[in-house]
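Okay, here we've got a single chain as structure tokens, the form predicted on its own, with questions on binding and movement later.
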């Protein structure tokens, strides 16, 4: 049976040794080397040709993200699996952009780590469950927010939309009243209705809203 060759890169000796022992106990996995920093991870990847590089992010000399970029540029067939304490989606997206195929937290179980190694070796993408859950929740939140914004805008009358654009463009109540042939008090009423319907609280928020919705353009 062909084995999955692994390089373990982490600046903490106890982590490298523990992970190596864990992986070595699997019949289809062989740890071919260890690296103490990002530079070593790159060099040893080129020397040892591992199938999967288990990569920490915070390491000296070259961090794990930069090391991943260099590895993928020099040996694209190597699969990088990030093993980190960072649960932030910012690091996750940076890791994927660098070329990583998976993202596992150091709080993962041994079974999760082994599953992640096998998944990326097979050409798949692996996300630690808590990271995947957070990403889905963030996506649903953004999607819901965009839907709500669309629904709120749809609730505006044609006249309120006109007033909204003019306010966002910097027109005063008097100028809006003159342009639309309305009384100033009517413009103020429209303005109050717009703020309430869109859940905005001041002109700055209204301008940001108009820009996001593509109602006005920045010069």
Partner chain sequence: MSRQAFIVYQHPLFGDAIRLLLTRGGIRVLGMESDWKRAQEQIEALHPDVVLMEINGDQEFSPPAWLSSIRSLPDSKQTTIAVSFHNNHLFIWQKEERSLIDAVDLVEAIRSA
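Positions refer to the first chain, counted from 1. Quantities reported herein were computed from a predicted structural model and do not represent experimental measurements.
This next part talks about the form predicted together with the partner chain, which is not shown.
Contact between residue 106 and the partner chain in the model of the complex is found at the 4.5 Å heavy atom cutoff. Residue contact check for residue 17: one or more of its heavy atoms lie within 4.5 Å of the partner chain in the model of the complex.
Among residues of the shown chain, residue 21 is one whose heavy atoms approach the partner chain to within 4.5 Å in the model of the complex. Using a 4.5 angstroms limit between non-hydrogen atoms, residue 12 touches the partner chain in the model of the complex. Segments offered: 119 to 127, 106 to 114, 69 to 77, 90 to 98. Contacting the partner chain in the model of the complex at heavy atom distances within 4.5 Å is 106 to 114.
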